[in-house]
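Here we start with a single chain on its own, the form predicted alone, put down as structure tokens.
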Amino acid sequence: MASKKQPHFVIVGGGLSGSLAACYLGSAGYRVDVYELRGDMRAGGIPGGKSINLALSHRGIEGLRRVGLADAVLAHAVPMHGRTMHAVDGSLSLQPYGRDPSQCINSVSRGQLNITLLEAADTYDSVSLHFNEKCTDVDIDGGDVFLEHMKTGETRTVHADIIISADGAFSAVRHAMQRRVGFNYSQNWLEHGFKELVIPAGADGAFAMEKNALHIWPRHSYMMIALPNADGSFTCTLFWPFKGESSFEAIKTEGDLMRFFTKNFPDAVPLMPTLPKDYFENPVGALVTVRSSPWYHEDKVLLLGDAAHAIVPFYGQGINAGFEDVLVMGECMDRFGDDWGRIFEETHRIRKDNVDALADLALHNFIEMRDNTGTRRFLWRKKLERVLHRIFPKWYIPLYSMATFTRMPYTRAISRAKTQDRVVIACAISAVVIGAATVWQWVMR
């Protein structure tokens, strides 16, 4: 009896989720061709100027661990044990992420992580990497992928038995699926953009601020964050409205820029000697939320990562969610063998509602980070969460901890957090009522 022919995979997009998917499929022995729009950053260097450092946590680490890459990635990461809040007056406050130092998130360079994943994918004999290849269209049913070389302009068509789409928020593969009846898609732009800035390392690679923390300057309608790099520098990201009195649009000159930063981020200015150059040379990035459904077509196409569900970066789960997509696909491969239709259907079923819930969390957390993280009410609530978690570690787990330090589905974590909050509020009200009744009885004696 003739053996069943193994499918040939084409992965469109050699970024983070695409290169990790190539490792999963390569480790299983499948023939895989990866086509990436950008050049090979292993040779051309890591592009800069428009990035947000990644906050790698449990879900993403588990995705890397399956193909033996977790330790290699964490070796170049900087652990962050909490948030350091910078008030306008220069005062600082630290908010730990977990109940002990082992519960941390890890600052990782997006470019360095991508290089690590590409190098790992390239070690598999069955995986081939192709760069400067733009996907212009896809024949969803026929399996043809139409490509244009970005340097030569040459066009060609490659055939795949199965297409994995990991080509980002503006995916060409998803665009082809959008033309099909029954495919649902939405995108929502944030009114804020972002710009990359830098706090360089000090003498001998010294860190200019606390090394093991994510730094936040919350300023209500906008904010700036800074994540540490292994070389002692910090990658800063300014999140600011595109238009308005205080916005990217309002800054015309270096004088405008320095007045704004001196007034709103006075403790950061002395640490940013290249601020004018970084600000005026680096582009403004946009932030979009993408939702789509279904992520798959029969046993022929699967969307992963931002191609399926782009989210804004304010819950620190974007890369973790993308890697967990790939991890769930791998777990479904274990369960269903070569039944790719079932694998894709189940991956979508497990992930769809959860990443939609995560998208809502990320949007809500932007408001919380810029408006509330420096307020007394927020600080008190976080202290209460830590106390309850310490006293009742199995019953009360903060939502952030469930999302960041476990693989509990996001929808279940949100539901559990709401139940916990209702119980805490009910107990607080009961305590007040009992206390008032006790005082009343004492008065009436």
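Start at 1 with the first residue shown and count on from there. Note that the coordinates shown come from a computational prediction; the quantities given were computed from them, not determined experimentally.
FYI, the form predicted in complex with another copy of the chain isn't displayed, but the following is about it.
None of 85-93, 219-227, 183-191, 100-108 except one has non-hydrogen atoms within 4.5 angstroms of another copy of the chain in the model of the complex; the exception is 183-191. Exactly one listed residue, out of A72, I367, A286, A206, brings a non-hydrogen atom to within 4.5 Å of another copy of the chain in the model of the complex: A286. Proximity to another copy of the chain in the model of the complex, defined as a heavy atom within 4.5 Å, holds among Q178, T274, T262, T123 only for Q178.
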